[in-house]
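One chain follows as structure tokens, the form predicted alone.
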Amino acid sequence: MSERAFDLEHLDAEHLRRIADRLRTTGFTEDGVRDRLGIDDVSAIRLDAYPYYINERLRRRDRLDIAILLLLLQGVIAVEEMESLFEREDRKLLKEAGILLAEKSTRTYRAAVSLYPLRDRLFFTDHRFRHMPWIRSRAPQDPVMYLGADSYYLARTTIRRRSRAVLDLCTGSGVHAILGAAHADRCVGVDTNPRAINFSRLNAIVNDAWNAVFLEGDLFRAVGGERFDAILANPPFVPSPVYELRYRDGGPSGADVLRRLIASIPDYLATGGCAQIVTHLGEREGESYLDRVRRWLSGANMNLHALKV
């Protein structure tokens, strides 16, 4: 798959939004998917539980079952099942957009990307699991992160208040920028990965987030000297000696990106503004993680609040 997966200039945005609305009508929402699969959280989908999901929870094969199997579990769908889920013109658009892949010889369909529900919003991402040869062969070099537990945590704990401008750093699929756009005059999402920016713009179309703007760049460098009422971030935090995956690897300590991000917040946060970050940050002997954050802030006059999970 190409670095930029979707040709957005030639995409029928209204038609795609209608398809998304029909998926929601089938029950393809966060609550609907969670209840149908019998799990506590959509982010808790496990590869080793696929046989249980498919053979027990999705055995009735109604439209919601088929949507979950195709768009979340990366399954193979027969032509007849696909025809019950999407109308002919819908299938044509989704194939032309590169979202659906058709295999004529076996009369089956697969999804080239995943579609995650968060509340009643829908977000395209790259596949989470690469358990089948066809997925591995088509996997992008620098994928867009699926919606994991940290994505859902930040979405559920973000303070929602009317804002002039919101900034979402390490935006990935654009999830937090798009959610923030519902409460802001303007929301900006930033990511170093051009593929992520492409996905974010597609997801803004799907969710009709007309006031969400996405920029390619390294953290705050993309926004000049602008200040924001709210700054959101879910940065990479996994310790890694090399940067193999941009959405995951946070340098040898795991905190390289986080440290740079926090150090610059005082220069970009408007008076009375709020920065909210979800991350993994280990304790050190003799120094709490909050002491480390205060040191990164270089004495800036800010109140710190932490929720530990």
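Owing to the predicted nature of the structure, the values given are computational and were not obtained by experimental measurement. Start at 1 and count along the sequence shown; that's the residue number.
Here the subject shifts to the form predicted in complex with a small molecule, a form of this protein not shown in this document.
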Since only the chain is shown here, I'm wondering whether Asp218 would be in contact with the small molecule in the predicted complex (any heavy atom pair within 4.5 Å). yes
Hey, in the predicted complex, is His280 touching the small molecule, heavy atoms inside 4.5 Å? no
Is Ser114 close enough to touch the small molecule in the predicted complex, meaning at least one heavy atom pair within 4.5 Å? no
Ala255: touches the small molecule in the predicted complex, heavy atom cutoff 4.5 angstroms: no
Between the options Gln74, Asn193, Asn207, Thr158, which residue brings a heavy atom to within 4.5 Å of the small molecule in the predicted complex? Asn193
Which of 81-89, 158-166, 95-103, 144-152 has heavy atoms within 4.5 Å of the small molecule in the predicted complex? 144-152
Taking Gly180, Ala184 and Asn211 as the candidate spot, are all three within 4.5 angstroms of the small molecule in the predicted complex by heavy atoms? no
